[in-house]
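One chain comes next, on its own, written as C-alpha cells: the form predicted on its own.
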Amino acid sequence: MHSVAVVTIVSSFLASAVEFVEAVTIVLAVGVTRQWRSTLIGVAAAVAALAVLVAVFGTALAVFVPISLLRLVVGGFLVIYGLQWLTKAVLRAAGAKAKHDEAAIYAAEVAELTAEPPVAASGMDWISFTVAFKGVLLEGLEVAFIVVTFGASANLLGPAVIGAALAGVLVVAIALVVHRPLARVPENAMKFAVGVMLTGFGTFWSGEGVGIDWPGEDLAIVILLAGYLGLALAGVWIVRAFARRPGRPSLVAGAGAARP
C-alpha cells in the first residue's frame, strides 16, 4: 500500500477514535440513565445522516472542484483545525490545561439527564433520541470533515473511510465489553499526534494548491511532520518552564474537565 494511503488511514483512525470516544460517553450516559431503544434509534439516525454527508460531499469535492483549488482551501482548513488540536494538546501535555476527563463528563451528563422528566412507560423517549442524535451527529461531523478533506485532497477517500470505520468499530466494541466511559484512552497523546498530522498534511496540500513543487515530493510530508512535532515538543517545554516560574499562578486551576 502507498505510504500516503497508510498515513491517511492512520490519521483518520486516530482523529476519528477521539471523536468516537466522546460520542460513546454521551450514548452510554443516555442509554443507562433513560431508555436504550430510543437512544440507539437516535444513534442510527445520526450515523445515516453522516454517511450521506460523507458520500455526497466527498464525491462532489473530488469530481467538481479543481484539485489545486481543493488542496489550497482544504489544506488551509486543515492547518487551522490541526493547530487548534495541537495547541490544546501542548497546553495539556505541559500541565497548563486540565486534561479531558471522560468519567467526569459522563457523571455530569447522567446528572443532567436524571433531572429531565421520567421516561414514558411506552413509546419513543424523545429526550433519549434527541440527546443521542445530537451528540453523535456533532462528534461525527468532525469525523466527516477529516474523512472528506483527507480523502478528497489526496484522492484517497477509501482509505480515509477505512480508518474512520476501524476506529468506530474498535471504540464501540470496547465500550460494549467494558460498558463504561473509556476514561483510560490516551486521548491527549492521540490529539497531539493528530494535530501534528493535520497541520503537516494541511501545509503540504495548501503548498501544492499555490503551485509549490515540494522537494522530494511525498517525502516532504515526513519532513513537515517532523518539523511540526519538534515545534510542538519545544512548545511543551516552553509552556512548562513558564508555568513553573516562581510567582506564576496555576494555569490549570478552574479548567476542570471542559470539553476541548
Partner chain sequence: MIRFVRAFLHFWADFLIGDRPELFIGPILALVIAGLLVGAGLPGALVGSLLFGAIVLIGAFSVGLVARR
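Residue numbers count along the first chain shown, from 1. Keep in mind that this is a model prediction, so the values were computed, not measured.
The following text describes the form predicted in complex with its partner chain, which does not appear among the structures shown.
Only one segment in the set 169 to 177, 112 to 120, 156 to 164, 85 to 93 has any non-hydrogen atom within 4.5 angstroms of its partner chain in the model of the complex, and it is 85 to 93.
Of the listed positions (A44, V65, L231, V56), a single one reaches within 4.5 angstroms of its partner chain by any non-hydrogen atom in the model of the complex, namely L231. Of the listed positions (A103, M124, L141, A189), a single one reaches within 4.5 angstroms of its partner chain by any non-hydrogen atom in the model of the complex, namely L141.
Contact check for V79, I212 and F242: all three have a heavy atom within 4.5 Å of its partner chain in the model of the complex. A residue is said to contact a partner when one of its heavy atoms sits within 4.5 Å of a partner heavy atom; Q35 fails this definition for its partner chain in the model of the complex, lying far away. Its partner chain in the model of the complex comes within 4.5 Å of no heavy atom belonging to A193. For the chain shown alone, T39 is not a contact residue for its partner chain in the model of the complex, no non-hydrogen atom being within 4.5 angstroms.
Contact between L224 and its partner chain in the model of the complex is found at the 4.5 Å heavy atom cutoff.
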